[in-house]
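Below: one protein chain in two forms, given as structure tokens, structure 1 then structure 2.
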Structure 1
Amino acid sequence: MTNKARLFVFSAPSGSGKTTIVRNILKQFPDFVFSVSATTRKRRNVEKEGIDYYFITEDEFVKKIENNEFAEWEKFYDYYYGTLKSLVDANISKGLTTVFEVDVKGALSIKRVYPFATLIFIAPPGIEELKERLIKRNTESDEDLKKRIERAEMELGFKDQFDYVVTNINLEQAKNEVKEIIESEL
């Protein structure tokens, strides 16, 4: 193991258990830091400013795009999401390993900017299970839910471009598999 900063980038259709897996990794590896993205989406009740996201206005987001402040950004479900370059670069210069949770296109963009990044795709067991999980989670309106399911189908098409694909059939098993991948990369 070296003390070089690593970038572990997680993508998965929403409802694949990605957030739980990413949280577990941050708990297992307390030296790792989470890349807090900026977004124009509304904050969910459980989320905290500066911890889950930086919740900013569309005007602020567009200004940051114009100022070239993002390593990558995407717009979906009518909201913007982006990774702030300054935060990633600060982590890298401090030798801190950074964990990202971004969409598939964002992950591929991060790899273009930082070719040493490791991309990990968390796949749901199947599209039906994913729909069930999203409905159970009950955090989205019907319209947003429909958009998320359509998007999930698109995202699954990108999984072969990732360094690793972990299928979340059993959450404990998926958590362990991801932990092993990270240990093998350190």
Structure 2
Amino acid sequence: MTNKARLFVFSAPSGSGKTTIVRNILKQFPDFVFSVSATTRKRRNVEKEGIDYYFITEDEFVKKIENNEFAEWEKFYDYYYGTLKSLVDANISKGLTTVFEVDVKGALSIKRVYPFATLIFIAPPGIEELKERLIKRNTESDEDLKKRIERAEMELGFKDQFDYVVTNINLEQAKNEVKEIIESEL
């Protein structure tokens, strides 16, 4: 690790408040940069290249996997997603603190490549509460909701491998707890 660069890696089941907490951290610490993932999924109209994702073809992605260019990668719902080592390494060399929002397996992969990374798991108060949050969001079909709950149960099984676990019972309290963790690590 060079100079003051730090890596803060966030993971959580869908509906745990991870994205809201990550956005808050990026506001609280304006010098931090967000790690933009690469994906093979088609760009949506509102998305911008290099801001939301780096959009690449499946052939390009597979070639990058073969060349060991990813710190982590995963295939979700027929599309690849991954974090390019070259982008992380560039941030480290510039002394920039990078914030990641990835799935649990991706977080553990990043820790293997960058052992100094700090892993923060955002946990829901419980599966029933998580289910209620997902239902209230009203963004998933019944089938997708079932898949997300099953995935959440799997992800919760990895939380003990993280450096910190923040249970999001109250969003403001969880935001403050994460801010305190980051300040203690800096």
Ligand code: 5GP
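Only the largest set of C-alpha atoms that superpose within 1.5 Å between the two forms is called the rigid core. Everything numeric here is computed off the predicted structure, so don't read it as measured data. Throughout, residue numbering runs from 1 along the sequence of structure 1.
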(request) Only one of the two shown forms is the form predicted together with the named molecule, so please name it by number. (result) 1
(message) Comparing the chain between structures 1 and 2, one rigid part rotates relative to the other; which of R23, V62, P125, V36 lies at the hinge?
(response) V36
(message) How many degrees of rotation separate the smaller rigid part's two orientations between structures 1 and 2 when the larger part is superposed on C-alpha atoms?
(response) 17
(message) Give the rigid core superposed Cα shift of K42 between structures 1 and 2, in Å, rounded to one decimal.
(response) 5.5
